[in-house]
Each structure stands twice: as C-alpha cells, then as structure tokens.
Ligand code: 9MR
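What follows is a single chain, given as structure tokens, in the form predicted on its own.
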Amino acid sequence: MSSTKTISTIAFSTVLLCTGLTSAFAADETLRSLAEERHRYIGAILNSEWFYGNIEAEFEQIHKTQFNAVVAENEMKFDATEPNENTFSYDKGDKMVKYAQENGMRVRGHALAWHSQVPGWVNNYSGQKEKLLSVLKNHIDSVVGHWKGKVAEWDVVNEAVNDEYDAGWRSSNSVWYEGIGPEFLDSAFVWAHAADPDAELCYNDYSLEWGLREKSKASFVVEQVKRWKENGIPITCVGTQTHIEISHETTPQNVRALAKALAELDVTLNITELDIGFPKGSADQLGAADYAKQGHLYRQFMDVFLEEPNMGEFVIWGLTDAHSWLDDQQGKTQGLLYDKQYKPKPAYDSIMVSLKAHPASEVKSPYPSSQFNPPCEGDGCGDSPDAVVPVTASKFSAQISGRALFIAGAKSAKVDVFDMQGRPVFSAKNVKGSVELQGIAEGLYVVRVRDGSASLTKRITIR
C-alpha cells in the first residue's frame, strides 16, 4: 500500500476562519477537511453491518474522520422504512441521522420510488392505479415528513430508465410504471417537495457515465430533466451512480459532459455511488501498477468533480474492501479506498492529491459557504461572505481532553462551541485555565476562544 498511516494518529487541527475555511496542517489533512475548504461534500455509505453493530471499530472512526456526507446502504429504502402497509420503521434511519448530526455530516436519503426492494404487500396492488398512487404518496409524505429538515437530499426516483440501447422508461418489472405509468415520477417529485420544501430532490441512476450519445441513458435523462424543469417539476439534482471497472477510462470525461449539460438546466450533478473495481478473482494477481491505475481513475473523477461548478457531492459506495457489495453482487473486487485491513490505498492518496491541486479559492460550489462555516462575529465580518480573512497569531492555545478544554496563555477568555452546521451549542465567559464542555453530544465541533482582541478557532472532537 502507498500509505500505512492509521486514523488513530490523525488529529483535527484545522483552523476555521471567521468567513472562510483554511487548512493549517500538513500530515493531519483528511479528505473531509480538504473537501470542506472547497465547500464540497465527500461521503461514503454506512454499510448495513454498521446499523446492527456488526462492524469493526475502525470503520466508524475512519468514516467520520474522512467524510462529511453519509447515506444508508439499505436502511432508508422502501422495504426497510415501510415493511408493512402504513407501518413505518424509522429506527435504523434515525440512528444514522443522529450519527450525522453528532459528526456534522450531510445526509442523503436513498431512495423513495424504486422498482427494486419494494415490500411484497405493494405488489398486492399491481395494476390498481389509484391505489398505487395512494400508497406511493403516503410513503413519501410519511418518510420525507419524518426526516424533514434532517435529510438534505433525497433520491426521489431511482433507476427508472431501462437498460436498452434505445433508452426509455423501465416499463417492465416495475410495479410503479406498470401500475401507474410515467406520471409516477412527476408525482413523486411533487409530493417530496411538499413534504420538505427545503430538501434537494434527485433523479438517480446507473450507466449515466457512458456518455451523451444519441439514445443513451444519459441523453434520455437530460431530456427528461429539461421536460421536468419546463413543467415546474421540482427536481434540483441528478445522481450518477458510477459503478465501473478499472478499464472504463473514458467515464470521467463523460461525467464532465453530463455535468455541463445539466448546468445549462440549472441542475446539480452528484456522484452518488462510485466504486472502481477489478475483475472478480484477480485480487491475488494485483500489483502496485494496478492499484496506481485505480488511483489515477479515482483522481480523474475528483478532478472533474472539483472543476465543474454544479457538482456538489462525491459519494463512494463503501469505505473498505472488507465490506463491499462488489464481490457478492457485481462480479468485481477491491474497488474502494481502503483495503480489508483498513489501510488507505493509492486511490485515497490520489483523491487527496487532486483536492490539493485545486486551491479552495479556485473551486466554485453550488452550495452557500454558510453550510461549511461557523457563524461570523467581530471585526472583519460582513464585508464579503466569501472572503478569507487573515488570522492574527493568537497569544494562547487551547487543547481538548475528553470534555475538558484547557486554555494556556489567557488571563480570561470567552469560549463558544458550534456544531458543524455553525449553530451555537455551548458558551462560557471569563474562563480561567479550563472549562468543562457539558451537555454536548459526542462528535465534531468548532470551538472559538477569545481573549480581548486575540482569537483562536479550531475543530475539536468530543468523546
């Protein structure tokens, strides 16, 4: 492997500026910290094993350290959230939302209307249009409503385009299309928007990375997005899943072309399920050159992601090769950033290099900077929302140990703690030497310490 560093040695020493986000470290950089500087989200799924507590301790520590966006592998799908008619199960999804809130992460909801993983009771209404419309509406109203304000983005419709070369809607083996027709897609977006007007709403599919040739899935989706926008259907984003093999070298530039086409429609493109696998059975034959090639392809996707201003999320469908669907379901192997021993592969390093090669000042984001910065107070605030304000070297230091924040070099200080969305969660005045950060859940936070005109802002982990 190209790197043997362990997550236990990674300390968060990012200095968060009042109106910008600037890295103040070298060896302690993470994918998350670099993405946040660029006002972008990088994420990975929480595998189903995590929800049942059947996963190694390293998984969660790496996940919340390296990523700032999260999506459930299966636990927010239709069969998981409504296993029986009008009987909803939210406990697994609630667990993930709580984890995301504690660690300052963006939540993707996956997925509301999909032909697969539909519980058997829905099929009892096959061909009954009005009943199926009622079932789908009730599901969307209930699920989106339950997580209103907590899930930033939903895959409203998933994989509704067929796999034929002459692309069109998936008209067979879909209870929704066969029973309702194509209007189920329009309706799903309208209902989702009504249930949470602030959530971003996506159409998500695979094989969009094969290009915009005539009659391709990607070109069909672009035309449908154009129709939706013209008709006032509230779609804001498209997700390209991008499950590919190491030989698919043209796919990054195809994704770039898709991003540009959607930008003309004022729609965001997100990479939602990326993995880059080798042929199954080849693991024992893979060498350094193979993993370097995989890393190069990962980097090309990150390059495209950072260079296209309407791309906001870069989500990988797994964290470690020890927990991946590729071997069992996709006929591929070794497709993720970490090997089975939780050591970062060259793919990790390549993404890191791409992030560093794109200065934060040059990366445009579809999201407001307020999503990534703590609230701004004091001198220099309000001049320009995107300005990076220089920080004067503080005359004191602050260190966290458990829940105790120790402050050296300050006679008295004001301490403010913010969550990763910039909301205040704790405040103390005239602190002399230390303060106990009580009543705060475990997770990542931003602490700001001020003593007179001197100020220090840094990220901390509360355990």
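Don't overthink the numbering: it's just position in the shown sequence, from 1. Computed from a prediction, not measured in an experiment: that's the story for all the values here.
Not on display, but discussed next: the form predicted together with the named molecule.
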query: Segment assignment from 278-286, 99-107, 236-244, 302-310: heavy atom within 4.5 Å of the named molecule in the model of the complex; finding: 236-244
query: Ser207, Thr268 and Phe314 all contacting the named molecule in the model of the complex, non-hydrogen atom within 4.5 Å; finding: no
query: Any non-hydrogen atom of Lys77 within 4.5 angstroms of the named molecule in the model of the complex; finding: yes
query: Heavy atom of Gln294 within 4.5 Å of the named molecule in the model of the complex; finding: no
query: Touches the named molecule in the model of the complex: Gln128 (any heavy atom, 4.5 Å); finding: no
query: The named molecule contact at Gln329 in the model of the complex, heavy atom, 4.5 Å; finding: yes
query: Partner-contacting position among Ser369, Ser171, Ser116, Ser89 - heavy atom within 4.5 Å of the named molecule in the model of the complex; finding: Ser116
query: The named molecule: the contacting residue among Glu73, Asp196, Asp349, Glu82 in the model of the complex [heavy atom, 4.5 Å]; finding: Glu73
query: Partner contacts in the model of the complex for 336-364 (non-hydrogen atom within 4.5 angstroms of the named molecule); finding: none
